[in-house]
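Next up, structure tokens for two forms of one chain, structure 1 and then structure 2.
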Structure 1
Amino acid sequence: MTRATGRLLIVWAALMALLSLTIAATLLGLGPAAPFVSYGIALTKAGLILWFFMDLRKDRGTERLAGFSAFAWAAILFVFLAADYLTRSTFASS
């Protein structure tokens, strides 16, 4: 087994452990923290796939920028969307 193969197997084991963790966290019930935990784990899983499976760790600036840019745009979309819905009642009552 080469080093590259061993690394991929370790990443896979970490991904499966994170999957078990996210299911366990859901079943345990974490209250208001639950979405933050499940999306935190999802982001970690996606990061592992992008960095090791998709080999962005070997890429140069331009490719990394292309790989991560859409996630940055999606994050901006979610922040603005949440800001709108979460502040509606605040401004309506003033």
Structure 2
Amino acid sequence: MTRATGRLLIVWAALMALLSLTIAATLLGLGPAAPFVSYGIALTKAGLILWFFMDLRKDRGTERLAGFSAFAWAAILFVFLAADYLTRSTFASS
């Protein structure tokens, strides 16, 4: 086993642990804190994938900026999508 393979196996194990944490957070019923816990775990998983599997850790400058800005724009898109979905029933009933 090479050093890179070992590193990827460690990252995969971390992703599986985060998946277990996601399932546990769902089953615990954390109330209003549940979405924030889930978003935090999801951001951590996305960061691991961006850093190790997409090899942003090897890139420099512009490539790294492009990778993170794509992630940021996708996050902004999901925030607008969630805001639209959550406010539709509010405006439709008034």
Partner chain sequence: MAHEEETATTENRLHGPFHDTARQHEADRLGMLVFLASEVMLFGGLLGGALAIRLLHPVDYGRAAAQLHLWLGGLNTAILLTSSLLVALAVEAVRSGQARLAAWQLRGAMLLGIAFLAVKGLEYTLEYRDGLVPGLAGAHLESLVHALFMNLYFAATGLHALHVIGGLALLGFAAASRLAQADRNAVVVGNIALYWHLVDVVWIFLYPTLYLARPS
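For clarity, a rigid core is taken as the largest C-alpha set superposing within 1.5 Å between two forms. Reference numbering: structure 1, starting with residue 1. All values derive from a computational prediction rather than experimental measurement.
- Between the two isolated copies of the chain, the form predicted on its own corresponds to structure 2.
- A C-alpha shift of 10.1 Å is found for D84 between the two structures, based on superposition of the rigid core.
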